[in-house]
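Just the one chain here, the form predicted on its own, laid out as structure tokens.
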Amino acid sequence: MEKFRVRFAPSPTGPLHIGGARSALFNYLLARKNGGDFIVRIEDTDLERSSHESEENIFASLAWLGLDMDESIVSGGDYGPYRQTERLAIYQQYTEELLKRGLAYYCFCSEEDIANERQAAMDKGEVPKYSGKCRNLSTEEVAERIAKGEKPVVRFSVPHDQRVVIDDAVRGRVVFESEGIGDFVIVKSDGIPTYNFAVVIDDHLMAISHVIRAEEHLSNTPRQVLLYEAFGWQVPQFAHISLILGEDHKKMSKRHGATSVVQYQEMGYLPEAVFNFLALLGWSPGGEDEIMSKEEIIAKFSLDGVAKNPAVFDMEKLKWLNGNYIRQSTPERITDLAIPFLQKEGYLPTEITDEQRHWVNLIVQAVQEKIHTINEIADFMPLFVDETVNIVDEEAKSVLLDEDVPIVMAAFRNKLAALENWEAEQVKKIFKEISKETGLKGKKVFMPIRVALTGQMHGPDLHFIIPILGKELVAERLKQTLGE
């Protein structure tokens, strides 16, 4: 059986887009499910826009998601180089082969000529394509024009009256007519290969068995198949996955919010939540399970479960998933992740002490059940650090007017005064003791205390809040809210 070898080949022209990450993930899952190789190749022939900063962002994002790679510019491998600008001599070799065999030719048409041809075709209601007028230039004329300093492109000679059939693992059988394609450029006038040419050579030489990519590449595929056939190479299994749409069912863009992986990391999402969420964007594992480990997703993944229809990016579902993963994590892990957010918001200094880390850990234990993203911890911080309590809600104000409040508060203060160990479990016992001594139950006990200390009727459990506030702040808040 042929070994599964898949690749993710991003252009380093910006941070890793969430759609690109989903393509990378599907390739990764197929490789890991079938004991194959996952290759990351950099397509940097867009010289003006490509940058090493973008490369670093892409690899950092893939590492954050947990997509370990078998071959890349970072890890190396037997099929390199893995950066296209380091493979130019290879592309030149195959360009010369096509030219010698008469399957490609030099074209000297200017951009203006091409634009005029395109407009003329559109005016006639025809599909714009290159006329092929340079196809029959003599060898002598070509040599003469190059000698004069003209810089031609190289075009592939598209066969006439040929059907290009693609058996796509997601789309099914797709047929293109060669007459609608036109002779396309494979090498630009600066000697840099075009995407369609380089990708075929790279995929063949790297023994890529499956090409999983976004459906917007489907229109490129007939050109690539024609090149495979011209070289006599085996065509890989294509699988064009659906677009990702925003909740308004339009193509995912900046207007929908965060579009890059790093933005989700910066917003406080956990990598396993994003991994899980992206896997479910356009793929169904069957059954009703939605929260799955990396290992479970790999075991269940199949191209058969990939849908043709566009996937809708449901932000609320991602938040829900992330909240579940936060609750499954240890407080220590969430503490480590929360510290940078709290430093950014000014609640912590750049360098923190063990005591400050312990303080954050207590806060995490208090809010871990309440948050959906790590950065939401900052929203709770006034609850733990503000000296004043602002009771805005009228219902909350009315809680403190209940006739039993003085009895509850007296008992509460007495219990706190006698408390030596201000840990959550010890504080928790106080409420049971107050209830037993006063004969008051449930909300009658904890609600006035909650409102007096926080100004709110809802929030983290009081036995977590009180140790964080400490004796002095508890006393100050009670004094303030009770009007003493």
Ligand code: GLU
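Just count from 1 along the sequence shown to find any residue number. Everything numeric in this text was worked out from a predicted model, so none of it was measured.
Unshown form predicted in complex with the ligand; subsequent notes refer to it.
Using a 4.5 Å heavy atom cutoff, 7, 10 and 43 all lie near the ligand in the predicted bound form. For the candidate set 384, 91, 195, 341, a heavy atom within 4.5 Å of the ligand in the predicted bound form is found for exactly one residue, namely 195. The partner is absent here; in the predicted bound form, the one residue of 210, 223, 155, 213 having a heavy atom within 4.5 Å of the ligand is 213. Residue 171 falls outside the set of residues with a heavy atom inside 4.5 Å of the ligand in the predicted bound form. Residue 199 belongs to the set of residues with a heavy atom inside 4.5 Å of the ligand in the predicted bound form.
The shortest heavy atom separation between residue 217 and the ligand in the predicted bound form is within 4.5 Å.
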